[in-house]
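Single chain ahead, written as structure tokens, the form predicted on its own.
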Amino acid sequence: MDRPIRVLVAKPGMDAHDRGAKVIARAFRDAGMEVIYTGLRQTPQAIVDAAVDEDVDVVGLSILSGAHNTLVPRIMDLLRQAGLDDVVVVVGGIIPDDDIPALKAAGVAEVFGPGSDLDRIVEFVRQAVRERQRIG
């Protein structure tokens, strides 16, 4: 890749707690990635529009509200409709273990819960982007 990895960090839905989103945005930025943070209370369509406009490699969704089973599949569907099948999607927040398989079946690359190691997340994203580029 000739340019830094571009990551969109978004807070979908009515969740108003963004500390985790800001922490991961800083970790990505410190790792040399370009970060676009959309702010609080974003609709699925607004997130996908921003991903298209910013030509991102990764969408990171931070969800604490419990609406992940509704919001994430909708975002994944809209990304596919926009032709962004190659974008890596990661989710962080309070996600019950029982819900993770359905999110991955919808196309999420990985789910990171509270206390996840930031270096591990950054490395996962780097590897996932490299893998997608090889396939694409």
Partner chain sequence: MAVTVTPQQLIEALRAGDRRALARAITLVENREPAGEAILQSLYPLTGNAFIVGVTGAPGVGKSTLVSALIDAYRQRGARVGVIAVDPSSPFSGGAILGDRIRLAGSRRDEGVYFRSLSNRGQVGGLSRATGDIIHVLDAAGFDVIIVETVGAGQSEVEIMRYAHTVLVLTAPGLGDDVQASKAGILEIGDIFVVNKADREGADRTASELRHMISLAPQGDGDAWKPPVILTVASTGQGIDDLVAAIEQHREYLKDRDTLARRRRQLVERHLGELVSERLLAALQRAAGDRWRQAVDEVVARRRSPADAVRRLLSDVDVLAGLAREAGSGGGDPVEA
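Residue numbers count along the first chain shown, from 1. Here the structure is a predicted model, which means the values were calculated and not measured.
Not pictured, yet referred to below: the form predicted together with the partner chain.
Engineer: Just give me the single entry in I100, M33, I94, A106 that has a non-hydrogen atom within 4.5 angstroms of the partner chain in the model of the complex.
Structural biologist: Of I100, M33, I94, A106, the residue with a heavy atom within 4.5 Å of the partner chain in the model of the complex is M33.
Engineer: Verify the flagged residues T43, D55 and G83 against the partner chain in the model of the complex: is each one within 4.5 Å by a non-hydrogen atom?
Structural biologist: Yes.
Engineer: Does any heavy atom of R29 come within 4.5 Å of a heavy atom of the partner chain in the model of the complex?
Structural biologist: Yes.
Engineer: Although the partner isn't part of this model, could you tell me whether D49 comes within 4.5 Å of the partner chain in the model of the complex, counting any heavy atom of the residue?
Structural biologist: Taking the distances in the model of the complex, the answer for D49 is yes, it comes within 4.5 Å of the partner chain.
Engineer: Would T38 sit within 4.5 Å of the partner chain in the model of the complex, counting heavy atoms only?
Structural biologist: Yes, contact at 4.5 Å.
Engineer: Given that the partner chain is not shown alongside this chain, does V122 nevertheless sit within 4.5 Å of it in the model of the complex, heavy atom to heavy atom?
Structural biologist: So V122 does not count as contacting the partner chain.
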